[in-house]
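First, one chain by itself: the form predicted on its own, in structure tokens.
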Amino acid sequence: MYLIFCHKSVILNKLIKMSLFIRNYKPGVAYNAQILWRFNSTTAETVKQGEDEEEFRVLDILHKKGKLQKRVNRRADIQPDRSEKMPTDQNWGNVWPGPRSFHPSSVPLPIRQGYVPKGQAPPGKKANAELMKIPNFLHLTPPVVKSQCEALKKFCTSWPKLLNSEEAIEKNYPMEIISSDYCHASPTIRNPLARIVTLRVKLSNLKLDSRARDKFLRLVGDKYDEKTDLVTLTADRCPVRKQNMDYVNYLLTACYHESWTVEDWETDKCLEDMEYYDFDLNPSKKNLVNWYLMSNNEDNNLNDEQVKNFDVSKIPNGVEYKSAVSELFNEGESDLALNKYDTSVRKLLGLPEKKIAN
């Protein structure tokens, strides 16, 4: 485009010269060639000046940069870790006042956590994700717990002085309620096992006669432990602990009152209808009482009611004999039951112990 413009300028310049020459031409007149040359030179300089003004700039593709000053890395002074500046007599409760994730700069202890191959030390506390995963109890150190207990002591009442033994506690508080609370790392603080409630009470603490006691034991079934004399009722069917606690209280109340209820058909029950062997209702007790009275030359004209209410503990070795006979009838014959019965009879009659020949 620029070349076309220059070419047109030269042609236009020549046309101007020719038009001036033709306009001023006179026949027989001689023209000065120097004047024409000056005009041509002036026109050429004007065109050249225009060419200089329209000159293209050079495109620098490589972008040659000048020499840059080399950057000097200045090492900043690193402050020591906070755990290294902690005094030994500081108040730890102010440093770690509550539960939080592990922070290595706040714990002045060489703690390590993580699995490594055998023979290598576990990773340290810095940048250790294992220490941040698990919950910690750094806010429950003994001094902090002691200070918290001192703060809560003014809201508590002193322990009763009369409840200074297990027997006194059991006498005044015969019923025991057992429940559990759980602390774990989970999105929710609730645990389904926390709803389970267990009630324990000794059967001897319940005011029951022989008939009501027998009926109560049949109602509770295997919830009664004969060795410890404890009745254990457990409830877990309700979603809330309070509901399960009300349910076990209801079960105990219902079983207790039902055991005292006497149905019409129960009055027709005789000795042969009993599901277990009762030593006090059977002729074995009458025979034992009559033998004891005859051996001591006492009057043995006792009616059935007097025999039933006679205290067997007055008879030497009488309680052991009663237990051996009841076990033999209720649990069946076995080597242990027969040996126990043999020993009790020998002691009752004053016979020597049985000698086993080698």
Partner chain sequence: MNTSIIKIAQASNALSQFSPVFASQFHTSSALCRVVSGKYRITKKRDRPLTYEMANPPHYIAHRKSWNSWNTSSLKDGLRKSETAVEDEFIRRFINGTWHGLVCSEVIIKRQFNHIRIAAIMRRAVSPTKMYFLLGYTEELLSTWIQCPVTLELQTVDSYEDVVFKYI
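Numbering follows the first chain given and starts at 1. What you are looking at is a predicted structure, and each value in this text was computed from that prediction instead of being measured.
In what follows, reference is made to the form predicted together with the partner chain, a form of this protein that is not presented.
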### Message
I need the one stretch from 211 to 219, 154 to 162, 128 to 136, 233 to 241 whose residues put non-hydrogen atoms within 4.5 angstroms of the partner chain in the predicted bound form.
### Response
128 to 136
### Task
Using a 4.5 Å heavy atom cut-off, state whether residue 183 contacts the partner chain in the predicted bound form.
yes
### Query
With the cut-off set at 4.5 Å between non-hydrogen atoms, does residue 265 touch the partner chain in the predicted bound form?
no
### Query
Does the partner chain get within 4.5 angstroms of any non-hydrogen atom of residue 93 in the predicted bound form?
no
#### Entry: 4.5 angstroms heavy atom contact with the partner chain in the predicted bound form for residue 143
no
### Query
So which of 82, 207, 103, 202 gets a non-hydrogen atom within 4.5 Å of the partner chain in the predicted bound form?
103
## Note on the structure
None of 110, 87, 119, 187 but one has a heavy atom within 4.5 Å of the partner chain in the predicted bound form; the exception is 187
### Query
In sequence order, which positions of 190 to 213 have a non-hydrogen atom within 4.5 Å of the partner chain in the predicted bound form?
190, 191, 192
